[in-house]
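The chain that follows stands alone, in the form predicted alone, written as structure tokens.
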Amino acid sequence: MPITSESRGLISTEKMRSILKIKSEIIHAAGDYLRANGFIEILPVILSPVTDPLRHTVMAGEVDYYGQRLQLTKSMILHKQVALRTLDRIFSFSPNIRFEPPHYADCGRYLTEFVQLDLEVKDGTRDQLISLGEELLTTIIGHLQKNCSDELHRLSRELTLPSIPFERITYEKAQQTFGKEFDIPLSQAKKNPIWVVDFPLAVREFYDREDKARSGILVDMDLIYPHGFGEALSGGEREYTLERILTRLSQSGVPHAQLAAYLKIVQEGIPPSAGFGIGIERLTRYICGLERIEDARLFAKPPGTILTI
């Protein structure tokens, strides 16, 4: 049975040990798979003059750094693009800080502090990254079946290895079938992961690449877990020319000055790329069958909570 929100304070040490062992093995399996496929791990960026501006409401997380205002990382996307000037395939287990509205805590899928496996591929395409994401997830599940059978048994969790390729559905079709907020209804309707592709430009970030052949449609994707667990990962192909990025920033209403340090490097040149980020706590929640994401890590910080340690 899933661990319910009512039982969170009563989770046994044994159960929490099982969850943490599984999460550790997720990180282990993911890192081994990526290294075997030519990726090099880079260390995460915690403070920077620039970070992902994001479209939805997130309070700024800033600190004073010797008189300079630096931001806490919301995602590694901008730094991933810049890192590809040095390396062709990179990944990072990146701590992200997002001060979401307090009511986001109600659904049990958001944390103020979480870790994202962020990866990026120079000259990559969406189809290549979709195949990579499918292989990565199935490799992780297969590893857990072999190495965490006792822990999964303690959580009454039986994993099924999904077959690939996963089903795909367009954003337009998902909205038509499951409504405007389709993530959870779509997830509840599926027994296997499913890709949502072709998001409209107006709902995504400035760095997702617009399809030249289809105005207003992006070459991007989200992966949705089955059984109501919601979004797994988000990514796509990237805008990489200064002209396109400036246009997209203006369309998004993001002041150019906010990303001045990033734009200076773009002007010097960054390569075309594709990539995605997959939340480690959300993956742990899905694998372990947890009702709430807080149970996927120690010292969890749901939005709006007062911290005691």
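These numbers come from a predicted model, not from an experiment. Numbering starts at 1 and runs along the sequence shown.
We do not show the form predicted together with asparagine, though everything after this point is about it.
*Asks:* Could you spot which one of Ser92, Thr139, Gln71, Ser75 gets a heavy atom to within 4.5 Å of asparagine in the predicted complex?
*Replies:* If I apply the 4.5 Å criterion carefully, the residue I get is Ser75.
*Asks:* Can you work out which of Leu47, Leu54, Ile40, Leu246 has a heavy atom no more than 4.5 Å from asparagine in the predicted complex?
*Replies:* The residue in contact is Leu54.
*Asks:* Residue-level question: is Gly235 within 4.5 Å of asparagine in the predicted complex, judged on heavy atoms?
*Replies:* Yes.
*Asks:* So, in the predicted complex, is Glu239 in contact with asparagine at a 4.5 angstroms heavy atom limit?
*Replies:* Heavy-atom contact with asparagine at 4.5 Å: absent for Glu239.
*Asks:* Does Arg98 reach asparagine in the predicted complex, with heavy atoms at most 4.5 Å apart?
*Replies:* Residue-level check for Arg98: yes, a contact with asparagine.
*Asks:* Answer for Gln116 alone: is it within 4.5 Å of asparagine in the predicted complex, judged on heavy atom distances?
*Replies:* Flag for Gln116 set to yes.
*Asks:* Within 4.5 Å of asparagine in the predicted complex, counting heavy atoms only, one of 103 to 111, 128 to 136, 152 to 160, 227 to 235 shows up; tell me which.
*Replies:* The contacting stretch is 227 to 235.
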